[in-house]
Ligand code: NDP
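A single chain comes next, written as structure tokens; it is the form predicted on its own.
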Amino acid sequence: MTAAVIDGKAFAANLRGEVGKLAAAFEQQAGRKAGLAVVLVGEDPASQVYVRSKGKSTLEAGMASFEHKLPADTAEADLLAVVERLNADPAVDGILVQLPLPGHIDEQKVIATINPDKDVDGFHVTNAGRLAVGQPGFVPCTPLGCLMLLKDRLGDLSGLDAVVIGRSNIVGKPMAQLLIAESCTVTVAHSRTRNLPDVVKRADIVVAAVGRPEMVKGEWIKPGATVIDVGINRVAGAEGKTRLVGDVDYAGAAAVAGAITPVPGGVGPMTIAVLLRNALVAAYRNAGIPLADGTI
């Protein structure tokens, strides 16, 4: 068996196209563009690249982009004041504070200051609670993107056994909640799970988000299972170069699985596409304009 490749890049491109159409419709109805604000503190190179990509993608989707770049020594109180101003700005529908923040700033305090209805990252405890009890809210972008790929591949997920490897607030926990809402039987595993290969072996769906390169081996995978690899790890390659690998041994798993996401080109492109989707949903909600469930 050779697994079908789940093309996250193509799915993300289609999602961005739908977001663009709905962003144009929003501008026509609301008389303004949907707006996404991104706040970057410090000079972290990876964060700078990511923020530039977000800003470019926001503009390409026909939305307004507001970037706030602050020095690394910005006081916590000053950052909180920026967030409060964005909360009060009617042109801003979504707020994203790029993580990680410098060590002197309390990340949880900053996240808690964001208006939950503008929290397009889905990290606020209010949105985590809404997800847990099945109320409308914002879900972190990566797990929501994973769910979109799963439903596109498998359709109805009801009754399937799912194992989520990883228990972070950003991916593992919300991923488990999303799968529970789809009526899956869900196990949350992690690096300390006993007999982890046996736990994974029984799963119809495996979502690997543990942050360890190629930790999940092909022999762990149930024949025909669907594998979603969230990991992005840079490891040594040939001739002194580096290469990207996931948390799953791709070659080994692809020989057994029914379908699998590659790294790169699988889950990665979905994150910004879903961020744009969340920002647009926030705009419609904040403006009181109906948007049918399941539209995007």
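From 1 onward, residues are counted along the sequence shown. Computed from a prediction, not measured in an experiment: that's the story for all the values here.
One more form of this protein, predicted in complex with the named molecule, exists but is not displayed; see below.
Enquirer: For the three residues Ala37, His68 and Val92, verify that every one has a non-hydrogen atom within 4.5 Å of the named molecule in the predicted complex; reply yes or no.
Expert: Result no, not one residue of the spot touches the named molecule.
Enquirer: The named molecule isn't shown here, but in the predicted complex which of Leu178, Ile205, Leu86, Val210 has a heavy atom within 4.5 Å of it?
Expert: Checking each option against the named molecule in the predicted complex, the one that comes within 4.5 Å is Val210.
Enquirer: Just give me the single entry in His104, Lys109, Lys217, His190 that has a non-hydrogen atom within 4.5 angstroms of the named molecule in the predicted complex.
Expert: In short, His190.
Enquirer: For Arg167, is any heavy atom within 4.5 Å of the named molecule in the predicted complex, or not?
Expert: Heavy-atom contact with the named molecule at 4.5 Å: present for Arg167.
Enquirer: Indicate whether the named molecule has at least one heavy atom within 4.5 Å of a heavy atom of Ala254 in the predicted complex.
Expert: Ala254: no contact with the named molecule in the predicted complex.
Enquirer: Does any part of Val171 reach within 4.5 Å of the named molecule in the predicted complex? Heavy atoms only, please.
Expert: Heavy-atom contact with the named molecule at 4.5 Å: present for Val171.
Enquirer: Would Ile232 count as touching the named molecule in the predicted complex under a 4.5 Å heavy atom rule?
Expert: So Ile232 counts as contacting the named molecule.
Enquirer: Heavy atoms within 4.5 Å of the named molecule in the predicted complex: which of the stretches 110-118, 124-132, 150-158, 191-199 has them?
Expert: This holds for exactly one stretch, 191-199.
Enquirer: Would you give me the residues of 256-273 that have any heavy atom within 4.5 Å of the named molecule in the predicted complex, in order from first to last?
Expert: Counting only heavy atoms within 4.5 Å of the named molecule in the predicted complex, the contacting residues of 256-273 are Val267, Gly268, Thr271.
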